[in-house]
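Presented below, as structure tokens, is a lone chain in the form predicted on its own.
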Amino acid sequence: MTHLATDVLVVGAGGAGMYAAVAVAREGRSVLLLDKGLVGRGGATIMAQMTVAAAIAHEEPDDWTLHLEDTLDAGRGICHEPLSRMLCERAPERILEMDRWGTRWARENGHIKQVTAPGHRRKRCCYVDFLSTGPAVAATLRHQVSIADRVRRVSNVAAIEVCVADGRVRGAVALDLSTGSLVTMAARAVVLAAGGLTKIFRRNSASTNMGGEAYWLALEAGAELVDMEFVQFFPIAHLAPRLVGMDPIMWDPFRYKLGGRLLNGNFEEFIHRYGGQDEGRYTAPRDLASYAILKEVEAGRGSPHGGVYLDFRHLPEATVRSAFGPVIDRLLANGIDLTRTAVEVAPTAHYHMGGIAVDERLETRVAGLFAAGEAVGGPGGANRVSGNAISEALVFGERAGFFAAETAAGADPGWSPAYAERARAELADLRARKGSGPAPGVVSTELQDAMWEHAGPFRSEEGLERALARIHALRRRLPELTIAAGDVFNLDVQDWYELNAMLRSAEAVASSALRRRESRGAHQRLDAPQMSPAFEKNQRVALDHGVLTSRWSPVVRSGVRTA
């Protein structure tokens, strides 16, 4: 068994994880940057093609306090306000640091260009271009990681357990996917930056490694999760024709800017049937648009692939090309001519506002265990405002790395080989199985279907109870699943661990949604359509002897400036 030692272990090497690693290294501590894929090539950041919110005031007068007000407004009263403040106050520092590192933010008249985005009262959203904001951010961070002497990068290794003894993190156990062997890692602090959980839904805009592993690792280690019911569903994600190498949620700004028409399968506008006024304005709220689309599909008036049409054909070709710029050519390469073809769109799981419960140091209730990026729960409350996702990755990544390095400076790793015994026994059991059931990947698809049907954009008590019953039934099948023979790149073994994380995360989402008997932000209950003051509180989830438990806690209001 391979054994490694480091001051700080960072699990997940997307935008948040890479920034955390850089922050640890510049505090003079060693860091192990771990990813189950290729370091710097996975996660959500690299997929993003839109904007990054930061009150740098290059385009017009702005201030982080105004950004904070917009963030809290979108959060519907349940944001963890010190985290929201940290995000808005420190986002300008991160954008300008990325600029010094070589991120080529779009410029105009000598300054970084900023635009408005839904939910913001100022032009505060930066971008690189229509297609490359996320990839450019990821490339900048990959370079910074590559030149940091104290960062060791480890790809194709999946963390399967965070080791805790006497209430403090001691390291982790991981699976080397290339050999099938276990790797133990002693660490004085651990940062979980492995993203969100939107892969648990059949329709999602996530990369393939967003199955809730960070949440599963945190729960098993003794940390709490918070507000797991709040999943953001994007109403007009791309559905068809096939789109390769482009963000499926790219259509929103173009619809608002140009007046893209939403049409059902009969090529009729339909938002007005559900209380909206979209015709000629194209500004229907996201929750209303999602509801209307799903109802049209339910009524048999959907497009061929189960969505609706987004149509720009009523606009002159010159107008479309001037607004879309190079996107037009990328679309044409995908066989999509917007002047001749309406595309199909539908709601999709896009982002998770809930996550690991942390304090103002990004630390969980387990000493030495931190979280960063989308794995963090709380700053967005009930609904993240547009443009804050990459900002969260940058800000929380840097802060988690800084505080983890600070903790590591005074901590004793105290590693013992005994910490790996449970993981070793579990892996041996998996390899010895002669299961009669399906492969883990098949069951993952069953889970995704159940979550989409019963715990998706619009929920009810009956549907959520069905989702939980299905989740529990699937969990009971874990011991009988078939695992293929062999060690090297055994995808069944990898899928089994991922399925375990997906099931636990799905259970946290569905059970939390069942207990929140109201509609607030991204959590919409058809049987409780109003927002209730009685539920202006946070819901926390933990593991107690293998059973999920929950409790309500008061909202954490404004805190003092963090160090």
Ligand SMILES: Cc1cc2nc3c(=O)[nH]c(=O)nc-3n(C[C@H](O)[C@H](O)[C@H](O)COP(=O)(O)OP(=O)(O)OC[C@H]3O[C@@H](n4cnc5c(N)ncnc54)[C@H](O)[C@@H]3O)c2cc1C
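Numbers for residues come from their place in the sequence shown, where the first is 1. This one's a predicted model, so the numbers in the text were calculated from it and none came from an experiment.
The next section is about a form of this same protein that is not shown, the form predicted together with the ligand.
Contact annotation for Leu34: at least one heavy atom lies within 4.5 Å of the ligand in the model of the complex.
Proximity of Ser505 to the ligand in the model of the complex falls outside the 4.5 Å heavy atom cutoff. Although the partner is absent here, Ala44 is a contact residue: one of its heavy atoms lies within 4.5 angstroms of the ligand in the model of the complex. When contacts are judged by a 4.5 Å heavy atom cut-off, Gly387 counts as touching the ligand in the model of the complex.
Contact with the ligand in the model of the complex, defined as any heavy atom within 4.5 Å, is confined among 317-325, 150-158, 331-339, 183-191 to 150-158. Checked against the ligand in the model of the complex, the candidates Arg399, Lys199, His350, Arg170 yield a single residue with a heavy atom inside 4.5 Å, and that residue is His350. The listed set Gly119, Pro248, Gly435, Pro82 contains one residue whose heavy atoms approach the ligand in the model of the complex to within 4.5 Å, identified as Pro248. The partner is not shown here, and in the model of the complex the stretch 398-432 never reaches within 4.5 angstroms of the ligand through any heavy atom.
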